[in-house]
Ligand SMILES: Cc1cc2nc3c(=O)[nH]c(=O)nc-3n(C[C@H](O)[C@H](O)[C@H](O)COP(=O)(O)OP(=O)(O)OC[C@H]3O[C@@H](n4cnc5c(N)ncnc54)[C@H](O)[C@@H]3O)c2cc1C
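Next up: a single chain in structure tokens, the form predicted alone.
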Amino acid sequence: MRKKIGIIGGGFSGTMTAVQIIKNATSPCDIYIVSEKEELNKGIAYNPYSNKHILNVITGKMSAFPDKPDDFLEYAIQKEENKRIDKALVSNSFLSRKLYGEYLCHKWKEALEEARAKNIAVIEINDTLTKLDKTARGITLNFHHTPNFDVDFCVIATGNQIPKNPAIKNTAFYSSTNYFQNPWKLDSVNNIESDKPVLIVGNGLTMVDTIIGLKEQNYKGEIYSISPNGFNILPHRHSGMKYTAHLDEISEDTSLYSLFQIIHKHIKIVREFGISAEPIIDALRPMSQKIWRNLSIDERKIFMARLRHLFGVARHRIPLHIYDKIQKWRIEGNLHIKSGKIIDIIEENNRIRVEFFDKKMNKNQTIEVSRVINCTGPETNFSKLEDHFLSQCLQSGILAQDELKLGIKTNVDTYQVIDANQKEHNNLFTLGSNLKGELWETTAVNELRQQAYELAKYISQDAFGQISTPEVEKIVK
């Protein structure tokens, strides 16, 4: 019997899961890929509103396939702007996210051609999933506009959610036309008065992209950025350098306390030679998921409360030339980085008054801005997602969240979702950022491509039936 596979999410994880299922297919099936955004394949990360938003990982490490490490590099060097540039230079450079989005679209087109040759139906659905139900026949997908239908297997590949609203007294501000909860949309930096200040809530990588977007829109006013820790982003300073002396002292069951003792000791060693800590943290990457899984719940809570920021600073870095631009804008006085906590935001008479506690000054301060852009990072507590199918699944017990509410409880060996009764679904799966509570490190391309590869193989063992005619359709709102 012809099997139906539903993939919820059309970004990197959803796209590459579908691509890998097509590659693994030995018999035909129907693949439904659901993306409420029109830009299938690119997702949020690789559909930037600015050509100046660039990757934070070098070209040579950005292949979408674990078994073809140079795939993106080979694609990039065929572009006219790169044909006359040394291949090694391109491999070690940071190219645009827009180009990477084009690469993913190219891979999707190739997969559709393979699907036609194998008589596999690929149905693209551009609509919002409102509800997911388990039935005796499989899983029912419910939409705003598209008729409901059943699938035999379903993959939740939703990626990151938009940021949660700041905790302020005046929650009415959330509905202001001058508040932008989604920082990844062009609206957040577009149509702005160039002489009035702007507030960015958060000081991470999205804040950097937002500042670049504002500058590209010819914004010349002052930018304020407020977060609990201020600006601590580091540049890539030791490209290709390896340091592994500490790995001999670390095992998968090393306690959190011992782990940071070891790391601190080796940071002191490398600093004596004028080298910062990044290579030490980078060397932990291959074992970070296993280390996280072996930490106790109490250790994970301590990490989240006290150490997450320090680890993130060392792990999530930006290209040096972007870092230099940020520092230049700070020196020139256009960018004001504040460490503190926002208390309230009130909009009156076309003015937005922001009250916050300034850690450095140790007192409450007030600034006036023309708009507020939320760059605090994605919401992971599904119970706080309004009108979202993940919230519905949580309420109905179809899925459960980990103790820290970072993602979906999952058997990471098979990617099977675990329900509220601690039972694994035999036909509901997830991957990517939804595994953060299980794996912590699970959002970079090198992890996502491996997950898509493994999940597709697992599903493919049982997914294929017969089909009579090839079909590639597109259903839109």
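Quick caveat, the model's predicted, so the values are computed rather than measured. When you see a residue number, it is the position in the sequence shown, counting from 1.
A second form of this protein, the form predicted in complex with the named molecule, is not displayed here; the remarks below concern that form.
This chain is drawn without the named molecule; in the predicted complex, the residue among Asn374, Gln392, Asn160, Asn203 with a heavy atom within 4.5 Å of it is Asn160. The single contact residue among Arg97, Arg300, Lys107, His266, judged by any heavy atom lying within 4.5 Å of the named molecule in the predicted complex, is Arg97. No member of the trio Asp133, Leu428 and Leu435 reaches the named molecule in the predicted complex with any non-hydrogen atom inside 4.5 Å. Picking from 350-358, 164-172, 271-279, 382-390 the stretch near the named molecule in the predicted complex, with a 4.5 Å limit on heavy atoms, gives 382-390. Under a 4.5 angstroms non-hydrogen atom cutoff, the named molecule in the predicted complex has Thr128 among its neighbouring residues.
Among heavy atoms of Ile31, none comes within 4.5 Å of the named molecule in the predicted complex. The closest non-hydrogen atom of Glu424 lies beyond 4.5 Å of the named molecule in the predicted complex. The named molecule is not drawn, but in the predicted complex it has no heavy atom within 4.5 Å of Asp152.
Contact residues in stretch 1-19 (any heavy atom within 4.5 Å of the named molecule, taken in the predicted complex) are Ile8, Gly9, Gly10, Gly11, Phe12, Ser13, Gly14.
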